[in-house]
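For reference, the chain that follows is the form predicted alone, supplied as structure tokens.
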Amino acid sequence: MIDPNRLMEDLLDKGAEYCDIRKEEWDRMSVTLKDGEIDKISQGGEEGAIVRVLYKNGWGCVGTSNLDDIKEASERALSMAKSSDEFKNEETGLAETEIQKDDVKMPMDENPLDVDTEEKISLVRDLEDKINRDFVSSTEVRYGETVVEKEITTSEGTQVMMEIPRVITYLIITGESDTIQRATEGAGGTGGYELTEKAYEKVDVVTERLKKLLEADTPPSGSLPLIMDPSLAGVFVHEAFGHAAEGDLLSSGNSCLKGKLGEKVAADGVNIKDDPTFKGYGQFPYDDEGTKAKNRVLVKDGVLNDFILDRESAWKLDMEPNGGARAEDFRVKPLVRMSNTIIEPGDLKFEELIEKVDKGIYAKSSSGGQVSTAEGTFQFNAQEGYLIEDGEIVKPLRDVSFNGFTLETLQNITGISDDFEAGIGHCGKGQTASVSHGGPHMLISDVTVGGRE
């Protein structure tokens, strides 16, 4: 590969305003075991680079898996940027950021690349054996690992190198009574093979969930108080609020938070952050523009305090970039993405939240949903639910769904517990990103619950 600094000097000489080169080397491995049989084993490595060029107001981005073609890719990126500029109706710029020189390896106790494939197969078989109870009709265990080495060089002088390992395990079980029910749990994070031990902590969680779902009733419907468990509270904050706080959606007018910086958007005591320095599945030291990662306090005591910003959206919003640029791999340009999105604990005990509810729902873990960041609406499905009556948990429920307006729901938070748990997942936005989401138990005084009386 040609020296990236020489390439960028050439691009600047030809009129580029700015350029950067992100070189990556990936090692990936996955194993899927379904109903006792190996369904898939995938293992391999690849490398490549992407050149990004800003010419006046136009961007050009070209990726290649052949590093010998990087000069050609840079020329194509410049040509693309010039063509884009001709049709651009708005100005484009980059907010200033500190020049970085660094080489960071994220810590791990045991490099997954050093663990034999047979040991990983033994892991998924052992986990399947532990989740295969008499009420389980189908099992699936997935193991995945990635180790990526990145080198980001910019025309402004930033040069950062980093190694980021991630490991994840999913447990998925199905059972059948009068309906088919499914329960899932994931475990892992940023680190080494040692993180597979966390999967064993989820065995009883996922099996007990399915057992209760097979005996559960359908929920009541209407406007009711609802308590989210830490997992569901984290997903709610990520999906309904976090996406609305992404700078590209804000600058394009597709967020219900536009124009509300400094305003009250949630109840007193609500604190929400997106923190890539938190030890979760979305952890990283620098974003994919070379900006140093930092804790972003999005909501402080109910007041909208910050957004998630890459350099371009920060420029458009007249704010400071805070490490919000992430790309799935070297084939694509960075987008504004979340990392570890968290609502911070309060000071109440979980039992105190339950005692506050005369009739309502306790909902646990997410099984999907949808949001509109522009309209500020959401709809979520919970994996598991319970009916609360007279301050006590009465019976298990299934097929619990709820919906509402994001900002109204945040204002209706009337209790936050002092416990905390973070989950892991993959966030889609045209590209996939590894993320964590978490929080405490959270009481919403009034939300629309779907179900049958």
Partner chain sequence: MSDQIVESVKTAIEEIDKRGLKGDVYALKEKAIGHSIKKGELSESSGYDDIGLGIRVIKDDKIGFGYCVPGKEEKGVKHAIELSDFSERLDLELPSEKDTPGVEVYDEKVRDVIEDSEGAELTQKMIDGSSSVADDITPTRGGLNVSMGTRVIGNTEGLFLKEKGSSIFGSVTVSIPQEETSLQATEIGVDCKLDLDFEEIGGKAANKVDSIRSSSERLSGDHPVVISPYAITQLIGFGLIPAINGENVRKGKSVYQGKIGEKVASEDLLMKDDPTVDWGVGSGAFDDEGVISKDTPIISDGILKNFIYDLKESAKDEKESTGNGVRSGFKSLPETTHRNIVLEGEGKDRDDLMPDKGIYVDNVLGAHTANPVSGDFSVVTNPVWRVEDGERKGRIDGLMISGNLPEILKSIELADDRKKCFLQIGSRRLIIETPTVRLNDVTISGK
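Computed from a predicted structure; not experimentally measured. Numbering follows the first chain given and starts at 1.
There is another form of the same protein, the form predicted in complex with its partner chain; it is not shown, and what comes next is about it.
No member of the trio T153, K273 and T277 reaches its partner chain in the model of the complex with any non-hydrogen atom inside 4.5 Å. Contact check for S231: no non-hydrogen atom falls within 4.5 Å of its partner chain in the model of the complex. Interface membership of I180, defined by any non-hydrogen atom within 4.5 Å of its partner chain in the model of the complex, is confirmed. With a 4.5 Å cutoff on heavy atoms, E312 counts as touching its partner chain in the model of the complex.
Although the partner is absent from this view, H426 stays clear of its partner chain in the model of the complex, with no non-hydrogen atom inside 4.5 angstroms.
Site annotation in the model of the complex: the residue of D390, E408, E421, E46 reaching within 4.5 Å of its partner chain with a heavy atom is E46.
Residue-level contacts in the model of the complex: of N295, Q159, S79, N111, one residue has a heavy atom within 4.5 Å of its partner chain, and it is S79.
This chain is displayed without its partner chain, yet in the model of the complex the stretch 120-128 from 343-351, 194-202, 163-171, 120-128 comes within 4.5 Å of it by heavy atoms.
Contacts with its partner chain in the model of the complex, taken as any heavy atom within 4.5 Å, map within 356-372 to G369, Q370.
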